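One chain comes next, on its own, written out as structure tokens in the form predicted on its own.
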Amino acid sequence: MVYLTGAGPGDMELLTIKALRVVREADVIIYDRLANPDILEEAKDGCEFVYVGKADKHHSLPQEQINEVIYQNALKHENVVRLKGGDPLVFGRGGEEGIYLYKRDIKFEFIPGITSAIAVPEYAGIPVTHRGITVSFRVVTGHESSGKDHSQIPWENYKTDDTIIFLMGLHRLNKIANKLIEIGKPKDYPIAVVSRGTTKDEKTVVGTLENIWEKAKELPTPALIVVGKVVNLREQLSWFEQKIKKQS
């Protein structure tokens, strides 16, 4: 059995009970860069660890080879955990891994993880929805598939006041901000970038579409971008930042 498992957004305590159970039962854990390494400490003696992490412009293995690594381990082990940051199906390519296993008659289960798209803004004091401000939110990839001759992102749909969360988009922050201005959003529209969210190294930079690139371009990854009027609530709701300051 292969468990395609969400590790959550970073804070160890946001790991689900079910994910923790399969980690403790695993014969091998195939993990990525965004999974909190402390989770591996919960594995049983003798558990094997296989790192298949991806960083910007540097992948230890391409996705096709990762699929094969999971498959080969499934042939050798009873319990295989594929541990992925956030949720396995929110831009996590877990669907591709599941299809690869399905075509080879390998049993698998998805174990949802708390997605960074909601949890990271929440730790930064930015609700993705708020009564009287916005009734919906969108989660968008900040890193589109290569080889496409045009963007798959429906920019024209983003003229509303929906909250927009871009994942994995720090390197394209300037382009994202300029595109939103191009479709009609005001230059002073609120935007925030949250780096290393839900961890003790979390840092949030707030700005406008016009100035956010200069203010946030040096932040370390992983980083998440939040666009919307809900960003203005952070001053009142930034509970985690205050907690870190008190601890330090």
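Remember, it's a predicted structure, so these values are computed and weren't measured experimentally. Position 1 is the first residue in the sequence shown; the rest follow in order.
There is another form of this protein, the form predicted together with S-adenosyl-L-homocysteine, and it is not shown here; the text below is about that form.
Among residues of the shown chain, residue 87 is one whose heavy atoms approach S-adenosyl-L-homocysteine to within 4.5 Å in the model of the complex. In the model of the complex, S-adenosyl-L-homocysteine lies within 4.5 Å of some heavy atom of residue 115.
Among heavy atoms of residue 223, some come within 4.5 Å of S-adenosyl-L-homocysteine in the model of the complex. Remark: residue 92 counts among the residues lining S-adenosyl-L-homocysteine in the model of the complex, judged by a heavy atom distance of 4.5 Å or less.
Taking a 4.5 Å heavy atom cutoff to S-adenosyl-L-homocysteine in the model of the complex, the contact residue among 111, 167, 173, 128 is 167. For the residues 70, 194, 29, 191, the 4.5 Å heavy atom test against S-adenosyl-L-homocysteine in the model of the complex is passed only by 194.
Highlighted residues 4, 83 and 98: none comes within 4.5 Å of S-adenosyl-L-homocysteine in the model of the complex, counting any heavy atom. Of the candidate stretches 99 to 107, 71 to 79, 116 to 124, 151 to 159, only 116 to 124 contains residues with a heavy atom within 4.5 Å of S-adenosyl-L-homocysteine in the model of the complex. Residues 9, 34 are the ones in 1 to 35 with at least one heavy atom within 4.5 Å of S-adenosyl-L-homocysteine in the model of the complex, listed in sequence order.
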